[in-house]
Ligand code: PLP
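Next up is one chain by itself, shown in structure tokens, the form predicted alone.
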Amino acid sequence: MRFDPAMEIQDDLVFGEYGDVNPSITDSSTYTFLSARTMEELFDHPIEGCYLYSRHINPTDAYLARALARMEGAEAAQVMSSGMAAISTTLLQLCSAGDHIVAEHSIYGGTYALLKNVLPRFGIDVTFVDMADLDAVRAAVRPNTKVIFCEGLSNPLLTVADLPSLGHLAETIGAQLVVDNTFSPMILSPLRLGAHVVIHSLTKFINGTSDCVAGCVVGDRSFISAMNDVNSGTSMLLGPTLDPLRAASILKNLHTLHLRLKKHGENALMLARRLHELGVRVHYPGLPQHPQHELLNAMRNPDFGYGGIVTVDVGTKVMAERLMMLMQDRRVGYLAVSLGYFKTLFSAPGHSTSSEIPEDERAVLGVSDGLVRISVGLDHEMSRSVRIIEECLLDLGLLNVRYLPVAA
């Protein structure tokens, strides 16, 4: 039977304390016990339905974690205070001093900075490679490689990772394939494609309303339990706890994710197709011209599109800034970082979300100063938005006039 992440969430029924259709929110940091023995036992190992302290786990957080685990077809999950908290605790749980990570070079700038500047301070070495080049990944592997790290769809160039091949390689060398699936929730189910651990920034598409910061780690029960070990678990001891009020809000939004992803994907594909017709250099995996288009088709869950991010290259920093200001002035959306919001958001990665990557490395990767990342919103009349963007490009001299009437 085909795996359907939306149905998995739909079938996850949770009632509140008094039969509420929404789960009750547990607004408490600590919990009482009827037996001192039970408290002692809980420090040694988890007891189903028994809670000790909300840094360990909170009932409301547990509801959200269970739904996210079902969405990924996993045994367990842990929700956290941010996507970066999820990434850092995962890598520190899997790696120790003397270990090695092979990582995608073109990734979110905060992740790059963690791998490049922070983990080496703890004796963890990192080699960055082009994950689309499997020979380069194999060549980078060492005897002490413990993790292969990639993004399902890379930020910001939307390169598609060959998860089955990377998962097979990880298994062969005794490493863990860790996938940041922030750009492609539901679209890709990495654990079913060969990954061992999946990470999300819940801040983005999963929550969808740009009103909180949160993250999660999804994997098998033994790994999530290890992260919560009172003596050695990085989630337990670093304390990236998610507030239960936010967990409850995200859980509500999670139930509309499948609908939002479809609309984000439809709108993004419409924009990407038109920009390609106009001769604009565009990155979008839903276009047949994308180098990994067929790979994504072979891996993706078919009901949720190709993602809501479109990246265009308009040549120079000045032109990118002018385009974004013009799109904001004409109410296409907002000049803002982040993604997955119901309004369209746009930013220049080379000077924002990828700025942690040195300029010379960005140039090699293709993250030029003229790159604009567009998180396409849930516009009801996307053809109107496409037409406005087209007019912005025309007014900046980036289009041939003869093309304009096609979308008018």
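These figures come from a predicted structure and were not determined experimentally. Sequential numbering from 1, following the sequence displayed.
Keep in mind that the form predicted together with ligand PLP is not shown, yet the notes after this line are about it.
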query: Contact at 180, 204 and 339 by ligand PLP in the model of the complex, all three, heavy atom at most 4.5 Å; finding: yes
query: Contact test in the model of the complex: residue 155 vs ligand PLP, heavy atoms, 4.5 Å; finding: yes
query: Contact test in the model of the complex: residue 84 vs ligand PLP, heavy atoms, 4.5 Å; finding: yes
query: Exercise: residue 151 in contact with ligand PLP in the model of the complex, heavy atom 4.5 Å; finding: yes
query: Residue 112: touches ligand PLP in the model of the complex, heavy atom cutoff 4.5 angstroms; finding: no
query: Interface segment, criterion being heavy atoms within 4.5 Å of ligand PLP in the model of the complex, picked from 163 to 171, 296 to 304, 211 to 219, 256 to 264; finding: 211 to 219
query: Sole residue of 223, 284, 128, 108 within 4.5 Å of ligand PLP in the model of the complex, by heavy atom; finding: 108
